[in-house]
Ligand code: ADP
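Taking the form predicted alone, here's one chain by itself in C-alpha cells.
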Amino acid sequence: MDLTNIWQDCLSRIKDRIPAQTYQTWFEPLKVTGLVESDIVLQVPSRFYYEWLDSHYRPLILESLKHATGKDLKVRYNVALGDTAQDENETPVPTEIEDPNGFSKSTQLNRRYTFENFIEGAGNQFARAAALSICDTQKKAAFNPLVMYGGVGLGKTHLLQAVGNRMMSQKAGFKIIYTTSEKFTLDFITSIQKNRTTAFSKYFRSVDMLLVDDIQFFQRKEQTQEQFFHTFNDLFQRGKKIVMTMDKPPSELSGLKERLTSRFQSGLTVDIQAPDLETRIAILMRKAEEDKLDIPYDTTEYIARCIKSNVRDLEGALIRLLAYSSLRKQEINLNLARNVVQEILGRQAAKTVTIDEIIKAISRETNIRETLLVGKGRRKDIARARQLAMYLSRELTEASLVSIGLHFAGRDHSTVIHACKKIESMMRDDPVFQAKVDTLSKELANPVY
C-alpha cells in the first residue's frame, strides 16, 4: 500500500469533520512512518499529543483509515526525539513508544533540557551564566560546587540537566550521574538492605560530575546525609564538579548538618527568581512555536500577566487553553484565554488589564480617537488624556516606563514620569478629578466579561 496517499486521504476526510484550528493543532504535525502488520505507525511530536489524540480522536482516525483502505487497521504511535526522529522512508518504528519525553535511561537526563531552549531573563540570567561557566572544559572551574536555588517551576531542573547534556555532548567518555535527593536516598536504603553500601559508594564516587536535584529532601535523613557528605568530600578533593539545586539558600535549610551546609556554601550559590512579564511572554511564545500553535499576541500577553508564579504554571495554562479550543471547537483568542485563566486562578485573581485596553477606555471616556491619544498631537485636551492613559498604565499594569512610552509613539520614559507626576498633582488639587480617575481605575481593574 502507498502509505503517503492513504494518509493524505485520511487527512482530507478528517479535515472536513473538525474545526480548522483543531486540525492545524493536532493533525498537521503528524507523519506516517510505517506499517507493522495491521498497524499504521504515526509519528507524534510529544507524549501529550499521543495521549490527546488517542483519547479524543482515535475513532475518527480509525474510521478514516477504514474508508481509505477498506481494512480495519489499528493505530500505533511513535514519539519524535528531536534530531533522531525517523524519516518517512525509514524502516517501521518499534512496537512500543520509545523515550516519549526525551528521557535517556543511560544518563537519566532529558535531552529536551538544553541551554539553547532555556529562556533567559533578569531573574535567571546569573544562574544561567554560572551553569554555562561550569561547563567550560578548557579551564578549571573557578567555583565548586555550584548551588542553584529558587521556588518551584522556575527552571532549576532545566538548568541542571542542561549542564549534564552540554558536558555529555562536548566531552567523550565524561561520566556524569544525575539524580534527585529522593532517588539517592532510596538507592542508599536499598544498598543497606542488600549489604552493598561499598558498591553504592564506589558508584557515586567514580564520576567526573555529580548533579543532584532538590537537595532539601535530605533534611532530617541523618544516615543519608552522612553518606552524601563523604561522597561530596571525595569528589571535591579530586576536583570533580558538583552541581546541586534546592528550594532555599543552604543557610536556610533546617534539618541539615552544619558541616554539610558549610560544604554547600564553599562554592557559588545563585538564586533563580520568578520571571518578569517580558520573560513570561517569551516563554509562552517559545512554547507555542515548539508546539506549532498560532496564538494571538494579546492572548499570550494576557496569560503572562495573569500567571506570575512559575514557568510550569504558564505551560499548564497554555495546554489547558489548547484543550479548551479543541473540545469546545473555538478559535484561540483573548476571551477563551480569560475563561481558562479564571478557572485556574479564580475570577478575582484573573482580572488584569493591558495598555491597549486602557487607551480604548480613555478614548471612550474623553471622545478622543485612539490614534490621537497615541500620536504626536499637543492640543491641551489630547495631552491631558494621554497623560491620564500613561498614569493608569503605570498603576494598573506591570509594564516598564520604557514599554509604556513605546505605546505612545515611542516617547521617552522621562515623558511618562512627567505625565504621572502631573496626574498625581491634579488628583491632589481636584477631588472631583480624583474621583473620576478612581472610577476609571476600578472599571479597568474589574471588567465584566
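In this text, residue numbers run from 1 along the sequence as written. Here the structure is a predicted model, which is why all the values come from computation and not from measurement.
The protein also exists as the form predicted in complex with the ligand; that form is not presented, and the subsequent description refers to it.
When the ligand is considered in the model of the complex, only one residue from R196, K248, H230, R312 comes within 4.5 Å through any heavy atom, namely R312.
Among Y302, F217, Y113, F188, the residue placing a heavy atom within 4.5 Å of the ligand in the model of the complex is Y113. Put simply, P145 is far from the ligand in the model of the complex: not one heavy atom of it is within 4.5 Å. The ligand is not drawn, but in the model of the complex it has no heavy atom within 4.5 Å of T261. Remark: K241 does not count among the residues lining the ligand in the model of the complex, judged by a heavy atom distance of 4.5 Å or less. Contact check for A162: no non-hydrogen atom falls within 4.5 Å of the ligand in the model of the complex. Only one segment in the set 71 to 79, 248 to 256, 147 to 155, 322 to 330 has residues whose heavy atoms sit within 4.5 Å of the ligand in the model of the complex; it is 147 to 155. Although the ligand is omitted here, in the model of the complex none of Y391, T397 and H418 has a heavy atom within 4.5 Å of it. Looking at 413 to 433, no residue comes within 4.5 Å of the ligand in the model of the complex, counting any heavy atom.
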